[in-house]
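Only one chain is shown below, in structure tokens, and it's the form predicted on its own.
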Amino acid sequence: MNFRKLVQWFWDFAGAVSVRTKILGIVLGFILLLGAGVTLQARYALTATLTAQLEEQSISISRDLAARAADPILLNDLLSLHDLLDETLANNPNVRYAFLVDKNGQVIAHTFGDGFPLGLLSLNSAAPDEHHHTALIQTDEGLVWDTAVPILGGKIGTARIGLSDASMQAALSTLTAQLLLTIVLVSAAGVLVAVFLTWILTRPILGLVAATQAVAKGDFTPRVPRWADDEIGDLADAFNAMTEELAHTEELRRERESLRRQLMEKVIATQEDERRRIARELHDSTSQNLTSLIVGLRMMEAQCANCASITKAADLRAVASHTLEEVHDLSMRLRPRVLDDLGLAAALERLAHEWQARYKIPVDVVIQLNERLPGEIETALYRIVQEALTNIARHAQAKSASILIEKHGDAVRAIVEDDGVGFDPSAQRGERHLGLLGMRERAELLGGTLTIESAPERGASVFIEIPLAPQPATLDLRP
């Protein structure tokens, strides 16, 4: 329900703005959407490329450091090792730190001026048989690609460096800023183009609106110029042709109005003559017949002690009672009053009660409705269930039947089942299937569906679903 309200609010809002605003919104929205897509795609592609480059750079620097550190480690030349680490940092601006570890896991040399962080040792390591091992470490300055490379197969130690992604983030920020600036410039140009286009498009439309307002007031003289050789120009020609035809029609209408006034005078005179004749007929004929009937009734009252008259009165009462029952049954078949007064639930319960009493077939009725349905839906469901019960009584040879009516979401569902002999729903002949066709047409006229499931000796089930909101009907009337 909230989604429908949101959609309705959007359409109300969109319909309240002018055509110029709509065109500007479409152009600007398209530019912004395209710019956002290009920006995200470019950032994604650049991130993937720079990430691969950082990983390759980290491996290359680490392996170079491991190869160059082998001899100083073997010679226990700590000064050369420190110089090697400083040179590595100086030649590679992205390197955050570098250090060397001996085969026992002790730090030989490092680039941390304030002391080596002991927790860093456990964050990454490389097995002797590994080419390298890289781990991502989150720091206060961002991500660091920590790569460990065994020196001489790990026999004399391990070389590790930390490569910062600051350069990658800076490149991404620069690219994003450039793309956003491009989007702003393109948006400004797009708005200017859209303003020009909307002026071209709406100027002839505004002329048509003014001319249409004049025509609505009864002035058929305005004509609009053909602005261009496009659809709007064709619309202007069509409008001018329409106003000319309306002017001609107005002249004919005035002539016909005069003729109609004369005809109405004659019709009124004829009606008065007919009313006068009917009044005279009622007075001279119907009143005399009613008077004769009253006199006859008085004579029967005077002879009520006569046995023959009493027997005749009893026969008349029996005929009247039988006629009353037939009239009542006919009235129920034509339109049950309880359906209008109390609703579908009460009408179906009464229908099931009378049907069960007439055909001696038990029927179970379950109706789960918290409120009245629209009148046309109640009538359709009542007629469909009525026809289904008639088919059960005539053809199914059933021992029991059931009716279920429930509201499901924005639709109402009905199921009518029986345990009779069943039939083949694919067959399209016979009186029974003419009734089924009428049931299906009633459902489809309200945008609903009717499905029949049945098989010989398996009973039959009729499933009906009708939306509570109006839906267009799609009937297949081909033979």
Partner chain sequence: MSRFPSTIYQLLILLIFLASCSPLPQPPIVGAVNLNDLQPLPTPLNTEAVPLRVAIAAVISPKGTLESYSPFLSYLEAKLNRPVELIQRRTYLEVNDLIEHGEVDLAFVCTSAYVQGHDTFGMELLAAPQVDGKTTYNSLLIVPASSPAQSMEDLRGKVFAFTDPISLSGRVYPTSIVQKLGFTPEEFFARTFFTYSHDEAIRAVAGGVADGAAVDSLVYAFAVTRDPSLAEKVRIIHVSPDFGIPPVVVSPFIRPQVKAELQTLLLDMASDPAAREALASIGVERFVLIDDSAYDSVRTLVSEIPIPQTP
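Residue numbers count along the first chain shown, from 1. In this text, all values refer to a predicted model and were calculated from it rather than measured experimentally.
Below, we refer to the form predicted together with its partner chain, which is not included among the displayed structures.
Engineer: Quick check on Q53: any heavy atom within 4.5 Å of its partner chain in the predicted bound form?
Structural biologist: It does not: once its partner chain is placed as it appears in the predicted bound form, Q53 has no heavy atom within 4.5 Å of it.
Engineer: Heavy atom to heavy atom, is T176 within 4.5 Å of its partner chain in the predicted bound form?
Structural biologist: Close contact exists here: in the predicted bound form, T176 approaches its partner chain to within 4.5 Å, heavy atoms only.
Engineer: Is there a heavy atom of A211 lying 4.5 Å or less from a heavy atom of its partner chain in the predicted bound form?
Structural biologist: Answer no; every heavy atom of A211 is more than 4.5 Å from its partner chain in the predicted bound form.
Engineer: Decide whether R254 counts as a contact residue for its partner chain in the predicted bound form under a heavy atom distance cut-off of 4.5 Å.
Structural biologist: No, R254 sits far enough from its partner chain in the predicted bound form that none of its heavy atoms falls within 4.5 Å.
Engineer: Choose from 348-356, 81-89, 177-185, 370-378 the stretch whose residues reach within 4.5 Å of its partner chain in the predicted bound form, heavy atoms counted.
Structural biologist: Going by heavy atoms within 4.5 Å, the stretch is 177-185.
Engineer: Within 4.5 Å of its partner chain in the predicted bound form: all of A36, T39 and V107, by heavy atom?
Structural biologist: Yes, all three are in contact.
Engineer: Report the residue, out of L445, L437, V421, A67, that has at least one non-hydrogen atom within 4.5 angstroms of its partner chain in the predicted bound form.
Structural biologist: Here the answer is residue option A67.
Engineer: Could you check which residue among L206, L118, A241, A216 gets a heavy atom within 4.5 Å of its partner chain in the predicted bound form?
Structural biologist: Going through each option in turn, the one that passes is L118.
Engineer: Taking its partner chain as it sits in the predicted bound form, which residues of 116-153 have a non-hydrogen atom within 4.5 Å of it? Please list them.
Structural biologist: Those in contact are F116, P117, L118, G119, L120, L123, A135, L136, I137, Q138, T139, D140, E141, L143, V144, W145, L152.
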